[in-house]
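Form predicted on its own, single chain, as structure tokens, below.
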Amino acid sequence: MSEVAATGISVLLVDDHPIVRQGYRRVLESQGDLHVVAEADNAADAYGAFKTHDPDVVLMDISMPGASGLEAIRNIRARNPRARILVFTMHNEAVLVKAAFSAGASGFVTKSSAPSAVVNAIRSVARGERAMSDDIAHVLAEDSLSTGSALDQLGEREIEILRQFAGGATTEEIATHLNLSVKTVQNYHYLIKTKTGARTDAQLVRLAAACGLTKI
């Protein structure tokens, strides 16, 4: 990663909607110290762009075709444990926020946040700090007072597989999206059922829907 203080903050912008990327490229580059060095619209290209450009901060959406931003976070952090990734998404479900942080995200802000809040979060993450928009902080505070979700037992890879399964992806499609064997996905499927107590696939889908995973 570059020296932030000397050269400004380099940003990799990851979102599957071109109009969002265009809009936020303008917002970020108008700041003077923020420079968008690359864009990507899916998890695989995000990983490739990270390898090529080594940005100071990755601004990452969760919802993308195929593998989600959760998988991209996992892969980027596996390559570089010091990578700084700020999730920027319309979703604010507690299970996703916790999964993103578990995968290695440094911050989480929603797209309902003011542009200035996103800019400040990028700068905070670039300094090595954790950043959250006010609504996400509220969601996590409420979640800490609740009895929890059946999905709290799942790791971020299991959350990602359940998300794709509940969205209608086949075992073979999930295996392709995540570069796993079909057998491995089947084993994850069994573990997810065991951990959540779901007896049928229909129960799994209802559980995923109740926790907001099918909205992605």
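For every residue, the number given is its place in the sequence shown, counted from 1. Here, rigid core means the biggest group of C-alpha atoms that superpose within 1.5 Å across both forms. Remember, it's a predicted structure, so these values are computed and weren't measured experimentally.
Only in words, not in the display: the form predicted in complex with the DNA, which the text now covers.
Residue heavy atoms within 4.5 Å of the DNA in the predicted bound form occur in exactly one stretch of 152-160, 23-31, 53-61, 39-47, and that stretch is 152-160. A residue is said to contact a partner when one of its heavy atoms sits within 4.5 Å of a partner heavy atom; Ala169 fails this definition for the DNA in the predicted bound form, lying far away. Heavy atoms of His35 never reach within 4.5 Å of the DNA in the predicted bound form, leaving it off the interface. Contact annotation for Arg206: none of its heavy atoms lies within 4.5 Å of the DNA in the predicted bound form. In the predicted bound form, the DNA sits within 4.5 Å of a heavy atom belonging to Gln186. Taking the rigid core as fixed, one finds a CA shift for Arg199 of 2 Å or more between the shown form and the other one.
Annotation: Ser112/Phe165 CA-CA distance shorter in the predicted bound form than in the displayed model, change of at least 3 Å.
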